[in-house]
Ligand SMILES: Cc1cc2nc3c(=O)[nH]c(=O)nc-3n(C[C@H](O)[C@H](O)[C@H](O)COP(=O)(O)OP(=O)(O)OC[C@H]3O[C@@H](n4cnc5c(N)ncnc54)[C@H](O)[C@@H]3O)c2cc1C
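First comes one chain, alone, set out as structure tokens in the form predicted alone.
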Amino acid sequence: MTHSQLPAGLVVIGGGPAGLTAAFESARNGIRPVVLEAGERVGGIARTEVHKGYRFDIGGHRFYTKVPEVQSLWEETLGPELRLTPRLSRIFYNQKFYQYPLDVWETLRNLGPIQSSAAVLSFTGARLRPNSHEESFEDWVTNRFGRRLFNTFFKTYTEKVWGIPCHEIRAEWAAQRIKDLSFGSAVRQALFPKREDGPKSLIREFHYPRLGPGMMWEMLQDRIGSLGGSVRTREEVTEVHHDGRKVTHVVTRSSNHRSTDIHAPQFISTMALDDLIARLRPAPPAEIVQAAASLRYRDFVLVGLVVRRTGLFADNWLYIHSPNVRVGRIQNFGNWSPDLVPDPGTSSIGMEYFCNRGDSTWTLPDDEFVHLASREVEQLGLAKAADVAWGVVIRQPKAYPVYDTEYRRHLDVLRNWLPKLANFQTIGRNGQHRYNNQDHSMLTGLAAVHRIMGEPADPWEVNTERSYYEEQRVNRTTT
């Protein structure tokens, strides 16, 4: 095992959207970055995996933002490869499909007179007598949509995703991600049509790279290299050394087991906070280690199926609210971009299963997973299991930071301690334990570099309102 010294102006741990954006911003401002990515390819959870010529998006990544600097970076990097894509996503519940956001009249018709009447009464009661102690996801949704609508359109899917009861998920997650974009807003508009602000609607189209989201990050990787930076894949950071005031260097292990010490004046990390704290040398105080170890994450598995049929469904993706199947969401990759599917006589779909590493879903053997996914496709009535030509299983650890009832307390402990390392910043989804979109992750990367350059910027204070929400106001007078 050999050691070498590699000078750099900035070390970036992680080659996902946040890390690569930080590296590019530093490179074009004269600071030479070295990006260290443990995986085989860049992009993190926004990468694109390729099997037998078929391209699989790990989770489905819309390129939509309200932030001009992010939009500009996408456009200047991808050029004509960034295409506009129509958006269609529906909810599958009780063997029926519901528009998302839910159309009030379609929903009432599908639910039937008894269930729809009960839903409207429940909604009205919740609005008249809200729960004054709004602490959990369940409280937040029930206050706005009623108990019936919560049980029908929120509970099953949300608990599939997070693996914990809705009353254990913080209300701030709902406030951050939902923003009244569902049946409740439609009901309110139907019942109270004189609202001055008008209803909200999700965007009806978004940008998407021709060959999947990984195309953006692979092209940005090339741009970083052309500016003198370095992006090194299959190089895991195993130790982060510090002297109590600043980080001095990191130690990496490459795929050939070669160990390297990398020194730099500045460091940025997108590593999950529990992994980061465990790699610090010397170890931080016990309460810091405990706080990091107490943060929870949700993992997921994508089962990509190639089906010998076309026209399975028109949506980009479906939310599966049925408790009778384990799949939580289904992508139809050809509806994102036809170029993800090399054989136009086939369909490529992504069956998404949310789980925890080590549980029975995560450890299911690949062939059994493909069989399960094929069986559930037939159970949902989308295709016959016999139509599946082949499948591939892609496991993604730490896909989602969990907003449980204790996470904020633990995160605050870490946020108060990490600034002791003056030349070290944490950014991105896992680097800040925030369930954010890729444009927000990119903004944290920009902010970190601007801070290095002496500007009054703080990645933790990035205004999420600029980047999260995809709703737009619908003018009631527009036809």
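Just count from 1 along the sequence shown to find any residue number. Values in this document were obtained by computation on a predicted structure and should not be read as measured data.
Keep in mind that the form predicted together with the ligand is missing from the display, and what follows is about it.
Asks: Give a yes or no on whether each residue among A46, R279 and Q438 has a heavy atom within 4.5 Å of the ligand in the predicted complex.
Replies: Yes, each of A46, R279 and Q438 comes within 4.5 Å of the ligand in the predicted complex.
Asks: Pick from H61, H410, R55, H433: which has a non-hydrogen atom within 4.5 Å of the ligand in the predicted complex?
Replies: In short, H61.
Asks: Answer with one of V388, A399, A373, I320: the residue that has a non-hydrogen atom within 4.5 Å of the ligand in the predicted complex.
Replies: Of V388, A399, A373, I320, the residue with a heavy atom within 4.5 Å of the ligand in the predicted complex is A399.
Asks: Pick from 446-454, 22-30, 35-43, 418-426: which stretch has a heavy atom within 4.5 Å of the ligand in the predicted complex?
Replies: Every other range fails; the passing one is 35-43.
Asks: With the cut-off set at 4.5 Å between non-hydrogen atoms, does G16 touch the ligand in the predicted complex?
Replies: G16 belongs to the contact set for the ligand.
Asks: Would F300 sit within 4.5 Å of the ligand in the predicted complex, counting heavy atoms only?
Replies: Taking the distances in the predicted complex, the answer for F300 is yes, it comes within 4.5 Å of the ligand.
Asks: Using 4.5 Å between non-hydrogen atoms, is V237 touching the ligand in the predicted complex?
Replies: V237 belongs to the contact set for the ligand.
Asks: Indicate whether M271 is a 4.5 Å heavy atom neighbour of the ligand in the predicted complex.
Replies: Looking in the predicted complex, residue contacts with the ligand include M271, since a heavy atom lies within 4.5 Å.
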